[in-house]
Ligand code: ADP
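Next up: a single chain in structure tokens, the form predicted on its own.
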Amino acid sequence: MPRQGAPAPALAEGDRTVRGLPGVGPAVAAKLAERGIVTLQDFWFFLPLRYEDRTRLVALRDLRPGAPAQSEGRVLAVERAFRFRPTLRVVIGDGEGASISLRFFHFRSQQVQSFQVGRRVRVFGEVRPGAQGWEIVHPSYRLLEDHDEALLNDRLDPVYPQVEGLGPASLARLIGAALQQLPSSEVLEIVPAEVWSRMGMPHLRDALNTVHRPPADADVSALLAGLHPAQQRLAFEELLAHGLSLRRQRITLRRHGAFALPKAQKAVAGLRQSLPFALTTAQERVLAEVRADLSTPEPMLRLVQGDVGSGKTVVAALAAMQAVAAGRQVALMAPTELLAEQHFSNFQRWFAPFDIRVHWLAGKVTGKVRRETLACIANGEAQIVVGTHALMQAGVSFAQLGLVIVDEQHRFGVHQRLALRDKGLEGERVPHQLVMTATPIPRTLAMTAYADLDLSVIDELPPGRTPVTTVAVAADRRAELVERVRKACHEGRQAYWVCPLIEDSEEIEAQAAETTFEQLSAALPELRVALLHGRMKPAEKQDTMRRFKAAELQLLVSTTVIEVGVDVPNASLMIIENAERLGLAQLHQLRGRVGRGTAQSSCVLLYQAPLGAIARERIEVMRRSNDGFVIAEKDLELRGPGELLGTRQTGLAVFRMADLARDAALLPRVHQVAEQLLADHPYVADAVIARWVGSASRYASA
């Protein structure tokens, strides 16, 4: 173990480039570099996403949806279809009544001919519900002769992330060659050996070999579940690296000063009194936390999370008033023009009585208006600027930016948030940062993924909000729902009909928005129906949404683009098509678009039978609860942290081995070790961060 203040020993072997491996020339090296694989160490830590279990056969009758499995049967039927594109469906059975469909969308004529009725087939793939019972889409398969023993594998097959232009077999061969050059445990280890021995965890060298090449006697069920000691060893070090990275970033940012913004009691009280509603107890608590942060010369770094409709925007507005009263500018950035325009409208209405100038900046602001707006921002005349990504562009310069507010922050890339913060850099001082999300995040997840932020939670809805009634209805009852829409619209209310896809797809049997729009327009000719989807031009989307908000439209058929920020109080009915294909967080966000007025509101989850076990559980959770935090906990349990955090955009938690839901029990010990390393062995902390996080760590505090 290096002494305090001394650098960790360099991994000479690991720092060598992959060019030394057999078969890695300039072209292959370039493909690997695009995937972040440059050195041997990069290959050692290029870990399997999952394993395929070809060590056993599962009887057809025992197959379960959502679970990859290997099974065997004889061909019962072969069907070709040509609806939107060629499709091959092969039905195999076990001779005792159990069967499953194999579905192919890319196939050759000789493939079709090889599937002779009665032929023995061994398949591997993920079982899922289809239009005609259970099916496997594009399974891997082998055609077997009757006398063929077809021995089973004696170990699990690792499945790695894709490397563009490099096949799985070539990738596995290169990883094997890199593993042959693993150094001794003493050289490979960075964290003190006693940490691992106290927890009974294996050496890193043994863990890497086991994870990449599971031995024949390895615990198969533990490996498939991610709970093998080798996986837990790697998960711990990866969680440690991310925790250290965030803590290091927070320490670094705290070294910057900020302009202390006095509490401005009179100005803030004036805005509060002018509002047509009173704050909830939860809003009062969070506002007090925010205002206390703003009044110090340390930069605020606070995440405010609250359910849809909990009143985060009002807290942001009162924080903005404190900044403006101190003579500083405020920038509020939202991910879509729809949401940004909504904030702009609210801020204009709230701040107009106080002669506070609120300006608007988005991509569609061009020409003379844009030049004038940029000049107002640069000379400080624009006290509050609301906009989209346009706020971060090179031509935007603030006079005295004191507070940055980012809404739905997980939808922004880290470079973007960093760019906006840097607009307010004055010497060693940076603006205060308030980030908000309407996606409730379980506390364990938030404390780990946002360890660089203080966390505030608005866990109470304003009075008068009527809980949305949620029901699940099978797709064969669509006609009843059409009549329900007709009735609601005739009574003066509005409705959403949400579809996961824009166009029909043979591969994903979901009702497409365009098809649904045509069908509903024909079935409801007396209603004003419109279509909204992500491929429309921004101006078209804006116009459609404005018309719906103004009640010029009665029914909006939409993809999930309406998920965030759309506020139409008169809309009281939402139908979500193919609800079984959406995750809990997304379903909850969509449902939050109704129930925003005084009318009793309903959300109908329209599903395609048969339902898989996870889809059934999701729908049941939605029916039982309107609490976003309850739903978030369940979503974390069912799907893991990826979509809750939007991590592929944050640069923080795209974990290679760790799973925040599965590995939550490791976190208390991870935090202890992180504190110890930062205090006693800072160079060790740097080496752990470099190994697992690399250059992404510099963006973690954005």
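Under this definition, the rigid core comprises the largest set of C-alpha atoms superposing within 1.5 Å between the forms. Just count from 1 along the sequence shown to find any residue number. This structure is a prediction, so every number in the text was calculated from the model and none was measured.
The discussion below concerns the form predicted in complex with the ligand, not included here.
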Worksheet item: Do Leu279 and the ligand share at least one heavy atom pair within 4.5 Å in the model of the complex?
Response: yes
Item to complete: Check whether Gly311 has any heavy atom within 4.5 Å of a heavy atom of the ligand in the model of the complex, and answer yes or no.
Response: yes
Item to complete: Tell me, yes or no, whether Gly380 is in contact with the ligand in the model of the complex, where a contact means a heavy atom of each within 4.5 Å.
Response: no
Worksheet entry | Contact label in the model of the complex: Pro202 to the ligand, heavy atom within 4.5 Å | no
Response to the item:
Within 4.5 Å of the ligand in the model of the complex, heavy atom basis, the matching stretch of 395 to 403, 455 to 463, 101 to 109, 288 to 296 is 455 to 463
Item to complete: Name the single residue among His359, His228, Arg596, Arg493 that comes within 4.5 Å of the ligand in the model of the complex, judging by heavy atoms.
Response: Arg596
Worksheet, complete the sentence: The listed residue (Thr388, Thr373, Ser71, Gln283) that reaches within 4.5 Å of the ligand in the model of the complex by any heavy atom is Gln283
Worksheet item: With both forms fit on the core, is the shift of the CA atom of Gln283 between the shown form and the other one 2 Å or larger?
Response: yes
Fill in: Large Cα move at Arg546 between the shown form and the other one, threshold 2 Å, rigid core
no
Worksheet item: Against the rigid core, is the Cα displacement of Arg528 between the shown form and the other one at least 2 Å?
Response: no
